[in-house]
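As a starting point, one isolated chain is supplied in C-alpha cells, in the form predicted alone.
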C-alpha cells in the first residue's frame, strides 16, 4: 500500500517493515468491514482513499507544509479548536489510533487497564509505526478522562512538546470563563510556535472553512433520516473519520459532491439498506480510523446505523461558529462557546447529553440504541445507565457493549446484537 513512501519512513526513523504489517492489517479490516459492502455510492471512492493517504500522501503534505515554513500539531480530541491553528498557519491533525495491531507495544510500557484508543495511539509511537511522531512541532491534549491526563504527564516527562487544554467538568458561567481562558492560552502557544500574530481576517477565513465542513457533514448525516437511507452507516463513519485527518477544503469539496449524489439516489429510490432493517443509533465512545467493527456487525446482522451520537458523529460537526469579522477577542469567545457545547461524558451533571440523545433518537426514527463503550472508558460506561433510562422513557430499547479493537469477541457481539434487534420494536 505505502511502498512509494518507504524512503520518507526511513528518513523519519520508522520501522518500515513493521509499519507495512500494520498498514496491511488495517487494510484487511477495511476490506472486510467496508469494501465488502454492496450498492455503495461512487463518491465514496475518495473517502476510501483517505485510509491509505493517512499514512502516505498526507505525510508528504505535512512535510511540504513544514518545508514552506508552517508548523504542525498532533491533536487527540475534538475540543482542540482547529480554527485557531489554521488561522496561524499551523496544520492540525488527529493522531488517535484505531487499530489493535499496535496495542501490545503500548502494553509493554503502559498499564494494560487503560482504553484501547490510548494504547493504540501510544503503541504506534513505541513501535516506530507513526509517521507523524517525529515531525510534529507540538502535541495538544485535553483533560476529558483520567487516563489521558496522566498519559500527557508521561509524554511531557519524555521531553515531548506538549500542551494540555483544561476542559471543565461542569458547565456554567464560571467554568465557561475558565474554558475561554484555555482557548486564549492555546492561541498564545500557537502564536509562539508559528511566529505569527493572530489576525482577525485569517481567523474569519478559518472559521468559514471549518463551518463549510460542518455544514457538509450535517447534510450527509441528514440523509440518514430517510426511510431507506441512500448510504450505509458504515460509509458515513468512514467519511466522518476522514474529516479528522484530511485537508478541510479538499474534504468539503468531495463531501459536497457526495451529498449531491446522495440527493439523486434519494430521488431515484436507490439505497444499500435492506427493507425492514432495524434503525440503530450508536452512541458513546468514538470509533476512529481503523475501527469499523461495531458498525459492520450491526449492518450485517439486520440493522442499519442511522445516527452516531459520538465524537466521530454528531459531536464533531454540530454547532457552527458565528462568522464575526474584525474582532479577534469576539471571535475567540465565539469559538470557545461553540466547543463548550460538545456534550462529552466528562461533564457532570450531563443533562445536555440526555436531551441530545432524545433529540437524535426521535429525529432519526431510531428503533434501538447500542451504546458503544471502549474498555476502561469509565465516563461513558457509567453514564450509559442514565442514557439507557432516558431512552427507556421514550420507548427506545438500548444495549450496552463494552469492547476493544480486537476481533476476538466479534462472534459473541454478533449474537448479542442479533438478539437485541429481534426484540427492538419497529416504529415506522
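Numbering follows the first chain given and starts at 1. Note that the structure is predicted; figures quoted are calculated from it, not measured.
Only in words, not in the display: the form predicted in complex with another copy of the chain, which the text now covers.
**Q** So if I measure heavy atom distances to another copy of the chain in the predicted complex, which of the stretches 273-281, 324-332, 140-148, 187-195 falls within 4.5 Å?
**A** After filtering at 4.5 Å, what remains is 140-148.
**Q** With the partner left out here, if you bring back another copy of the chain in the predicted complex, are 32, 211 and 216 all within 4.5 Å of it by some heavy atom?
**A** Checked in the predicted complex: no contact with another copy of the chain for any of the three.
**Q** Under a 4.5 Å heavy atom criterion, is residue 250 part of the interface with another copy of the chain in the predicted complex?
**A** Flag for residue 250 set to no.
**Q** Given that the partner is absent here, does residue 385 sit within 4.5 Å of another copy of the chain in the predicted complex, heavy atoms only?
**A** Because a heavy atom of residue 385 falls inside 4.5 Å of another copy of the chain in the predicted complex, the answer is yes.
**Q** I'd like to know if residue 169 sits close to another copy of the chain in the predicted complex, meaning any non-hydrogen atom pair within 4.5 angstroms.
**A** Contact with another copy of the chain, yes.
**Q** Do residue 76 and another copy of the chain share at least one heavy atom pair within 4.5 Å in the predicted complex?
**A** Because no heavy atom of residue 76 falls inside 4.5 Å of another copy of the chain in the predicted complex, the answer is no.
**Q** Consider the chain as shown here, without its partner, and state which of 257, 225, 263, 154 has a heavy atom within 4.5 Å of another copy of the chain in the predicted complex.
**A** Filtering the options by heavy-atom distance leaves 154.
**Q** So which of 99, 285, 350, 127 gets a non-hydrogen atom within 4.5 Å of another copy of the chain in the predicted complex?
**A** Contact check passes for 350.
**Q** Going through 23-59, which residues have a heavy atom within 4.5 Å of another copy of the chain in the predicted complex? Please give them in sequence order.
**A** The stretch 23-59, when checked against another copy of the chain in the predicted complex, contributes no residue at the 4.5 Å heavy-atom cut-off.
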